[in-house]
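Next up is one chain by itself, shown in structure tokens, the form predicted on its own.
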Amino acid sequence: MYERSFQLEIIAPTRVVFEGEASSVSAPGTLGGFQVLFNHAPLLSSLDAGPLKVKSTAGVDTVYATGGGYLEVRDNKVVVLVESAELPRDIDVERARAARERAEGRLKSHDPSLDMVRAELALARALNRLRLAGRR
């Protein structure tokens, strides 16, 4: 059992994904991955689409496929605001594959009216979901 814990909230637009104590959280920061532990310095970071790993006070790891967002650390409380968060077992693999194919098709089209950043983000989200579901 880990005695040094902090309050963690993971919030998506439609629901509170997690609310409780954690001993660590590892996040996919836009400037590189990082880990938050008890008594971490105040921090505000943007997040890329990627795995968000939470270690419970019992030492159990839970990984969420996230679609990007923000993380704030202040006074042993961590708030993660994400576009989406799914457990690997809840990922619809066929839907993720279809999203990957659509994004790859858009990027290959070289259409000048295409929002390249949006297409690249869609591809990153789909690849993250497939990677965590174990079916790339």
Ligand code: ATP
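From 1 onward, residues are counted along the sequence shown. Everything numeric here is computed off the predicted structure, so don't read it as measured data.
A second form of this protein, the form predicted together with adenosine-5'-triphosphate (ATP), is not displayed here; the remarks below concern that form.
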{"query": "Residues 91, 96 and 99 all lining adenosine-5'-triphosphate (ATP) in the model of the complex, heavy atom within 4.5 Å", "finding": "yes"}
{"query": "Interface membership of residue 76, adenosine-5'-triphosphate (ATP) in the model of the complex, 4.5 Å heavy atom rule", "finding": "no"}
{"query": "Residue 45 within 4.5 Å of adenosine-5'-triphosphate (ATP) in the model of the complex, heavy atoms", "finding": "no"}
{"query": "Contact of residue 56 with adenosine-5'-triphosphate (ATP) in the model of the complex (heavy atom, 4.5 Å)", "finding": "no"}
{"query": "adenosine-5'-triphosphate (ATP) contact in the model of the complex: residue 62, any heavy atom under 4.5 Å", "finding": "no"}
